[in-house]
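You are given C-alpha cells for the same protein chain in two forms, set apart as structure 1 and structure 2.
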Structure 1
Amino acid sequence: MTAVLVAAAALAVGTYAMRRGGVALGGRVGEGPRAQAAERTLDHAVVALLIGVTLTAAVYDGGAPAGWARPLGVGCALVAAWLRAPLAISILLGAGVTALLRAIGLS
C-alpha cells in the first residue's frame, strides 16, 4: 500500500509539472501571424486529444475491447451533444443506454 501511495503522490506532482510546463511553453509563443497559427494548431490539438481519449475510453478496457454496451451508450451521448442537448442530458443518456443494454444482456 505504501508503494501505491508513493505512486499516487508522484502522479499528483507529475501531472502538475506537465500542466505548468505546458503553460510555460505556451507563454513563449509571440504575437502576430505565427502566434495565430500556433493558437489554431493548439485548438485543433485539443479537439484531437479530447476525441482520442473519448473514443479509447469508450471502446477499450485498457488494451482489450470493452464490449458493445459502453461504445453504444457513449455514441448516444455524442449524438445528443451534436444535437445540442444539455451536457447533463448527454451524460445521463450515455450511462442510461449503457446500463439498459447491459440489463437486456448485451455486454
Structure 2
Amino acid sequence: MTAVLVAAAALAVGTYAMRRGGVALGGRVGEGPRAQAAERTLDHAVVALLIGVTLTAAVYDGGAPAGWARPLGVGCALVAAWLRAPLAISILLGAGVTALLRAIGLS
C-alpha cells in the first residue's frame, strides 16, 4: 500500500512539474527561426504520438494480435478522416466496417 501511495505522489509531483514547466517556458518562446522550428517539431511529434497510439490499439488486443477486422476498420476510419469526413461519420464507418468484417467471419 505504501508503494502505491509513493508512486501516486511521485506521479502527482511529476505531472505538476510538467505543467508548471510548460507555463514557465511558454512565455520564453519568442519569434524567430528557432522558435518556428521548435513549434513544427512539436506539431510533428504530436501527430507521431497519436499515430503510434492508434496503430498499437488497432493491431494488438492486449498482448495478442487483434486479427484483421479491427485494423481494416481503423484504416477505413483513417481514410474517411483523411478525406475530411466529419468525425462522427469516420468513427461510425470504422465501427461498421469492423462489425461487418466480423459478421462475415473475418476476425
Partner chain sequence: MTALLRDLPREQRRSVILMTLAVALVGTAYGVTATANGFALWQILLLAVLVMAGSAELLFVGLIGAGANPWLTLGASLMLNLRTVVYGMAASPLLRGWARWPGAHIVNDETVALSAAGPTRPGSAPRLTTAQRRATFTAAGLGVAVGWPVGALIGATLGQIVGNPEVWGLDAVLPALLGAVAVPAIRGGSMVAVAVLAGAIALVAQPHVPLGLAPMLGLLAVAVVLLGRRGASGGGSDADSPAGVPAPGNSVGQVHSRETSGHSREGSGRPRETSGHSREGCGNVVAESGGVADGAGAAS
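Superpose the two forms; the largest set of C-alphas matching within 1.5 Å is the rigid core. Along the sequence of structure 1, residues get numbers from 1 upward. Here the structure is a predicted model, which is why all the values come from computation and not from measurement.
Student: Pick one: is 1 or 2 the form predicted alone?
Tutor: The form predicted alone is shown as structure 2.
Student: Please state whether Ala9 has a C-alpha shift of 2 Å or more between the two structures, with the rigid core used for the fit.
Tutor: Moves: yes, 2 Å or greater.
Student: After core superposition, I'd like to know whether Arg20 moves between the two structures (criterion: C-alpha shift of 2 angstroms or more).
Tutor: Yes: Arg20 shifts by at least 2 Å between the two structures.
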